[in-house]
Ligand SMILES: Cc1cc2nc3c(=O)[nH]c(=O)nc-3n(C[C@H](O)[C@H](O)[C@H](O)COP(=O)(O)OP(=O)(O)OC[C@H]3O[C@@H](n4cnc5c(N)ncnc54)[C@H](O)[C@@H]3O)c2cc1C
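The chain that follows stands alone, in the form predicted alone, written as structure tokens.
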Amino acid sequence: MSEQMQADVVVIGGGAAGLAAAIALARSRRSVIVVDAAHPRNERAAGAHNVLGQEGVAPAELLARGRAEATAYGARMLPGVATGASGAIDDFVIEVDDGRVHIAARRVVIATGLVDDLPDIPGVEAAWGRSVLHCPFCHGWEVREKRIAVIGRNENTLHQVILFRQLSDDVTLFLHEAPEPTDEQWEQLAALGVPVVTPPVKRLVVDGTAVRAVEIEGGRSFPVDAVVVAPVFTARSELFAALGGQPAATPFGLRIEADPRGQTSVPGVWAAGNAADLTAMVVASSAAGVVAGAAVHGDLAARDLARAVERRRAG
């Protein structure tokens, strides 16, 4: 038999955005259930950076603190994977673990994050989040003054080169699948002193999670300490689609469109964190969660007020 649960709001995702939304709602005395699959995007990273007051905190520790704070205000944590969604505003049903639990809720916050579609190069997956990186703000300081390889994939490649070149004088661009640079871009690369390797990358030479070299087609290897790649970001939007939404394509990948408060095109459904903002770091995701949680509470308060007025007039 399926377990039946009920709440004002179900938050799908127990990362920074989801927990921040849950805390904002629970502090306003809303009943909240957080469905947490417990596989945060940054779980491989040694530390989360640009987190004011908690610089370098281990991602698992940060989320453990967030869960403790949320439960202290009355939010309920439900380990599991949200596998289905149906219904409409004031009458949503979220299915967890293929029917093990069904949650009835008035509002939904989707904070399911995104999936990093990595280049199909042997070694990338093994070192991802440690010595294979994508964000200079998240991990750039840790590879400063080291030998950095940027592996081209799309038109965003030169942007990555420019940002990582600020961190090290030893940056090499491996063109790989990126478009041929324009004459202006060749001049820019030369001005930055960035050599360009044109044969495609064959594999990364990896020792555990540490990159040692980039090997190109033909067998030549280039010793490096870190590799920069450009993932294609894909928001986990299956539940949004099940509720009638349509994810939007961007130059970086698919996302759930939402207004500045997180409200989506589907009445009663909000989105926060990387599901809505593909480039949001931890603090930005947390902030989006707080804003979405506050907006959901305000929406519920307006609905509760309307119902109270209706009852008074009827009575």
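When you see a residue number, it is the position in the sequence shown, counting from 1. Note that the structure is a prediction, hence the values are computed from the model and not measured.
Note that the form predicted in complex with the named molecule isn't included here; everything after this is about it.
**OP:** Within 4.5 Å of the named molecule in the predicted complex, counting heavy atoms only, one of 206-214, 234-242, 101-109, 159-167 shows up; tell me which.
**Re:** Heavy atoms within 4.5 Å of the named molecule in the predicted complex occur in 234-242.
**OP:** Find out whether any non-hydrogen atom of Ala16 is located within 4.5 angstroms of the named molecule in the predicted complex, and reply yes or no.
**Re:** So Ala16 counts as contacting the named molecule.
Original post:
Heavy atom to heavy atom, is Pro179 within 4.5 Å of the named molecule in the predicted complex?
Top reply: Pro179: no, not in contact with the named molecule in the predicted complex.
Original post:
Going by a heavy atom distance of 4.5 Å, is Thr264 a contact of the named molecule in the predicted complex?
Top reply: Looking in the predicted complex, residue contacts with the named molecule do not include Thr264, since no heavy atom lies within 4.5 Å.
Original post:
With a 4.5 Å heavy atom cut-off, would you call Ile12 a contact of the named molecule in the predicted complex?
Top reply: The answer is yes: Ile12 has a heavy atom within 4.5 Å of the named molecule.
Original post:
Among Ala70, Val269, Val35, Val32, which has any heavy atom within 4.5 Å of the named molecule in the predicted complex?
Top reply: The residue from Ala70, Val269, Val35, Val32 that makes the contact is Val35.
Original post:
Considering the named molecule in the predicted complex, which of Cys138, Val224, Val194, Val124 comes within 4.5 Å of it through any heavy atom?
Top reply: Going through each option in turn, the one that passes is Cys138.
**OP:** Decide if the three candidate residues Ala82, Asp116 and Met281 all line the named molecule in the predicted complex, where lining means a heavy atom within 4.5 Å.
**Re:** Yes: Ala82, Asp116 and Met281 each sit within 4.5 Å of the named molecule in the predicted complex.
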